[in-house]
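Presented as structure tokens, the chain that follows is alone, the form predicted on its own.
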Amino acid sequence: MTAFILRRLGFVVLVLVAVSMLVFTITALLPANVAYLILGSFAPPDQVKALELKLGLTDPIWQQYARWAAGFLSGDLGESPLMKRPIAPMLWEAVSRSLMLTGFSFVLIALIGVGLGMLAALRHGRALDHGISIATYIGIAVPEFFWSIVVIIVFASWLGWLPASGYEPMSAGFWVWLTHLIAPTITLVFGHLAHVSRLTRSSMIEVMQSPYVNAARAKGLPERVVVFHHALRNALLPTITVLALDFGRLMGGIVVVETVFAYPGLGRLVVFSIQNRDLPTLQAAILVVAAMYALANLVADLLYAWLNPKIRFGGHVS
């Protein structure tokens, strides 16, 4: 298992190095100029040239990348030329807020999605199965910005239960903090339940018809033990992979949701950086998103190997 973990960690490192090169190269080729962003659009060309030399913007791109990567590894992400603030604390603050939102949504998607998939599989072909399928399909068919508007209209405007936008820290009170998370969490959950529930349903239906499940029933084991101990563990294998992918989709989905709800997280920071051509902040934010996506897939691989030992032993269990 140790060798398996090391191989996967090595793969994650290679992916992040490749992504960092791609992100830096693409952003460096954009028409935006950091020197003009700092000095202003109408700055004299000689001042712009001097600042470019000072910042090393005239160096070969590989030297610029090496400096940027070394700073990233040391935790020094530089300073935002637009906001005149160090990028690192601003970025980690945004990441922590987005991780809270993504974490709540991910847990609800996993629990509700697996639960709905199990119910649909155990009632295969019945009204409950069809109802769950229709509801989850609607969730995935409707874009997230529409669910955001629906949640705001229903829970903020009509019922007045939740704030329409914004964020409050926990120091303002636990309930105040929680109410600002509920609306964007509901929006994210609606849009991602179908992936998990549909795959769990299909896997459960297939596993429930397998010989070892029939053998467990023939032994007289209670149906609860058959479902949870014998069937669910194997049915969750493909679901784990989808959950890891859904975590990546959540990190992409927060861009829309955080913008609609004016939630000051990583997604909103990315949009702000793009709109204002803040390239250093944009580079750091995109690489952090890629790192979280890669780590989510690493966790999925480890869980997959734990549930199915054939994977970590190369398909042969001794």
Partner chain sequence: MPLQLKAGLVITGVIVLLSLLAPWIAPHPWDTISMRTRFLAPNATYWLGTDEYGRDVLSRLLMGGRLSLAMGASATFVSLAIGVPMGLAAGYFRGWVDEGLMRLADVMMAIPPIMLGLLVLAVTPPALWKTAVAVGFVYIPPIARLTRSVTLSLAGEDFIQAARARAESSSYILFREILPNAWPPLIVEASLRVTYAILLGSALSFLGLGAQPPSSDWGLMIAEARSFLDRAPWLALAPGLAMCLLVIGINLIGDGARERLDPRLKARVGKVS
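Numbering follows the first chain given and starts at 1. This is a predicted model, so every value here is computed, not measured. Take the two forms, find the largest set of C-alpha atoms that superpose within 1.5 Å, and that set is the rigid core.
The protein also exists as the form predicted in complex with its partner chain; that form is not presented, and the subsequent description refers to it.
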Seminar exercise, completed: Which of 86-94, 142-150, 69-77, 179-187 lies within 4.5 Å of its partner chain in the model of the complex, heavy atoms considered? The stretch 142-150
Exercise. Is A300 close enough to its partner chain in the model of the complex to count, meaning some heavy atom within 4.5 Å?
Worked result: no
Exercise. Can Q63 be called a contact residue for its partner chain in the model of the complex at 4.5 Å between heavy atoms?
Worked result: no
Exercise. Counting only non-hydrogen atoms and a 4.5 angstroms cut-off, does V271 reach its partner chain in the model of the complex?
Worked result: yes
Exercise. Is I138 close enough to touch its partner chain in the model of the complex, meaning at least one heavy atom pair within 4.5 Å?
Worked result: yes
Exercise. Which one, G131, G115, G248, G103, lies within 4.5 Å of its partner chain in the model of the complex by heavy atoms?
Worked result: G248
Exercise. Of these, I205, L199, L162, I240, which has a heavy atom no more than 4.5 Å from its partner chain in the model of the complex?
Worked result: I205
For this session: Decide if the three candidate residues A18, L22 and T259 all line its partner chain in the model of the complex, where lining means a heavy atom within 4.5 Å.
Result: yes
For this session: Taking only heavy atoms into account, state which residues of 274-295 are within 4.5 Å of its partner chain in the model of the complex, ordered by sequence.
Result: I274, Q275, R277, L282, I286, V289, A290, Y293
Exercise. Any CA movement of 2 Å or more for S165 between the shown form and the other one, core superposed?
Worked result: no
Problem set entry | Rigid core superposition, T241 Cα moves 2 angstroms or more between the shown form and the other one | no
Problem set entry | Is_shifted P89 between the shown form and the other one (CA, 2 Å cut-off, rigid core) | no
